[in-house]
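Heads up, the chain below is alone and in the form predicted on its own; it's given as structure tokens.
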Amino acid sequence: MPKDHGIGASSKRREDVRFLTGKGRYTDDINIRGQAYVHFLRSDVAHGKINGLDTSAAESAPGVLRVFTGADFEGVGGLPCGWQVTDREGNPMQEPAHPVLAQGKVRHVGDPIAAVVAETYEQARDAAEQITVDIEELPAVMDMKAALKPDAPKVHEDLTSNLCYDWGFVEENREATNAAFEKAHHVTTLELVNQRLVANPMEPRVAIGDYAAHSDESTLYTTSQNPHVIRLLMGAFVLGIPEHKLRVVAPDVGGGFGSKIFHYAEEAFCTFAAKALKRPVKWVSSRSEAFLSDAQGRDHVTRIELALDAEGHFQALRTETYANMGAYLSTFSTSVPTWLHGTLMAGNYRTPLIYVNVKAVFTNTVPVDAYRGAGRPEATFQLERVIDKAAREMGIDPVELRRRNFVTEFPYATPVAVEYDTGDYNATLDRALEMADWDGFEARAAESAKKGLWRGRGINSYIEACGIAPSQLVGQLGARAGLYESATVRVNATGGLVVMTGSHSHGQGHETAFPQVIADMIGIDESQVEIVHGDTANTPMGMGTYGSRSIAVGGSAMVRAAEKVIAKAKKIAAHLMEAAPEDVELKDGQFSVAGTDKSIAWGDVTLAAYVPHNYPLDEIEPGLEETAFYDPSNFTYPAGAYVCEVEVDPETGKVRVDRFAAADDFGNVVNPMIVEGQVHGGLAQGIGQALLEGCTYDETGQLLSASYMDYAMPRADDLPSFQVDHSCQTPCTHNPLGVKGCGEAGAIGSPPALVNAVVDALQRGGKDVTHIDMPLSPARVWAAMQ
């Protein structure tokens, strides 16, 4: 029977009451008395030298309070990159300055040149149009390989080239890997593109700066996935504000997908301007601005090679990837194509030798950073596409080739520096094939043929690494922040709890799932647990939410803090029942003494903690509140298998996704309903990338896909009814909940499954097509068939 409460129950999302009734409190809902509004004048050229900037007309325009330019930020820090990567020679990456407002040059369309602050947004916008900018347009560098030629224009003149770093991993494997290819029975090679994407969260970014002169304190309200990180980066590295004088608040946030992890120029500007003007300053991004200013995702060009023996066993793998950084280094951009990508190139398979090379390149485009999955989708797409191609070349069934090479014994140390603790890849594949009715495919293909359509099927087995950790390790790898999480559990006198967490919710259902964990531990109703997050003034220092870390890292911190609370409560209960603490048990909200009929309710013990009339004051202090910081000892490793069936119209190239089955191993599951929703969302985004989405620039650096007129988002009629299962559970061995994370899986596993299915359909239709780059638009599929 399904559980009706606690861990494992599909408790309804309590936050949806306010969201579905229009009572959420988003950043744009916040309006501070006396606030002014800012409009940014952004570059309309991708690369140019600023020869002159005349703001006089704008400064005298109605309602204008002040016009800011890059000159106002001289002596102010630039936006920092949070991860330093060293190249294969041990040299640190090239790290250019990233000013809040452009200084001397513009480096991508959308680069902010000036900011007008006025009484109303309309006045600020109108005044910005009166600014005269003399820009000497320079040649833009757009193609990554061309950007590395000796005569290529430099995005940053103070750098030696447009190469950020040339990373090799694992460098000591390189020669042995090359030797394995020389001896291999068969080598499959594939060149592919993981195209650039725009994140498109439902809520565009917003920033409001406020300044209290009487206390010299600044407050930033922002759409962020990690307010404590924003406070640290902006305070310490950009504006020089002590953390105790800077508060960052991220209220309800309408989606992020990674794009709201990063510290942006607009946040620093609004905080800076509020202090300069002694007035609150508000900025609200338009959707058009979001296309030009939000960090974008993916954008890799890769050559991958797989070496196999005569029986199809993997012998070696090597890749060469060009990864686009854009014009500047965004907060975690450098880690995505390296440590979040290279470490996953083993996939679910036993491959003795792996070598990954990544060249990170500056171009005159919007910066690129983490987008749902962040490095893991790129790794999985390369690997699962080359495996499918190898299966066809060697005449081995693609399901059998995967099974033949699966990791089956755990723990398993991969040749790319990570150790999988648990998993059962055959079980998830079996479940996916069962849900997909694999054996019934030929009958469905015959029905499609009657309609003049080609049916194809594709599979994918994926693994990802979540809850990036531990801090000591990632510090050695170049991370400039810890990757722990924190929680404070405060028990009230009447027995209810407030849990203050460093994690942040932007759609994941934290206010529902986190109380399930705490209520289950104590044996009280979930309604007695309140979750507080998103405000640095009343939550412990935490790293926020990304990389499917919320329950694995944030939830584990809560468990550790709750364990401290329970341990203290047992001492109080033992005193009240005249027993030894080690004999006291807590179950269903009652403390009892083992082997006796003595018991006392949770609420009576919590009251005694705050009304200590009968209390062991000589042993413990009053009150019941504890804090814990949890730093994982390893990543978690969700894994799964996906099966996709498509129909392709040979006359037009139109692809329709007909069936999709997803079997995932997320370890223990706290709320099955929320997990299913997370997978559905990820599948929609992955199918969107595979079929529809693509961020495109022309050769001059103009963004051609700058609105929903040209950037094709997936809609309901593009998607099938998904079959989702997470019954194959191998619990994580190194966190107290046994959880692994579910937020990114769908976006990781779906693109290769779909592309594999389309290639299969074309081959069944008699076309010798081995690969098509995403998105698989009708035009691309039709052209491939020709």
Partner chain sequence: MYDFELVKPKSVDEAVSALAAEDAQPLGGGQTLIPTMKQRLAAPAVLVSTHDIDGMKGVSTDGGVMTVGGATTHGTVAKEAASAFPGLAGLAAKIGDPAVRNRGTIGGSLANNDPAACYPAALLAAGGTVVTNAREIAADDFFEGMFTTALEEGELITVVKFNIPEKSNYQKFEQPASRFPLVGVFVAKHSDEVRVGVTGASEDGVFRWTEAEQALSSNFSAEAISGLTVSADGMIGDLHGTPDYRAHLVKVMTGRAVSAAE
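Positions refer to the first chain, counted from 1. All figures in this text were calculated on a predicted structure; none of them were measured in a lab.
The form predicted in complex with its partner chain is left out here; the points below concern that form.
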Open item on the list: Please tell me which of 249, 290, 187, 712 lies within 4.5 Å of its partner chain in the predicted bound form, judged by heavy atoms.
Closed with: 712
Open item on the list: Using a 4.5 Å heavy atom cut-off, which residue among 174, 313, 654, 392 comes into contact with its partner chain in the predicted bound form?
Closed with: 654
- [ ] Go through 218-226, 105-113, 122-130, 326-334 and give me the stretch that gets within 4.5 Å of its partner chain in the predicted bound form, heavy atoms only.
- [x] 122-130
Open item on the list: Can you tell me if residue 718 lies within 4.5 angstroms of its partner chain in the predicted bound form, counting non-hydrogen atoms only?
Closed with: yes
Task: residue 696: touches its partner chain in the predicted bound form, heavy atom cutoff 4.5 angstroms - done: yes
Task: its partner chain contact in the predicted bound form: residue 705, any heavy atom under 4.5 Å - done: yes
Open item on the list: Given that its partner chain is not shown alongside this chain, does residue 541 nevertheless sit within 4.5 Å of it in the predicted bound form, heavy atom to heavy atom?
Closed with: no
TODO: Determine the residues of 760-786 with a heavy atom within 4.5 Å of its partner chain in the predicted bound form and present them in sequence order; the list may be empty.
DONE: 778, 779, 782
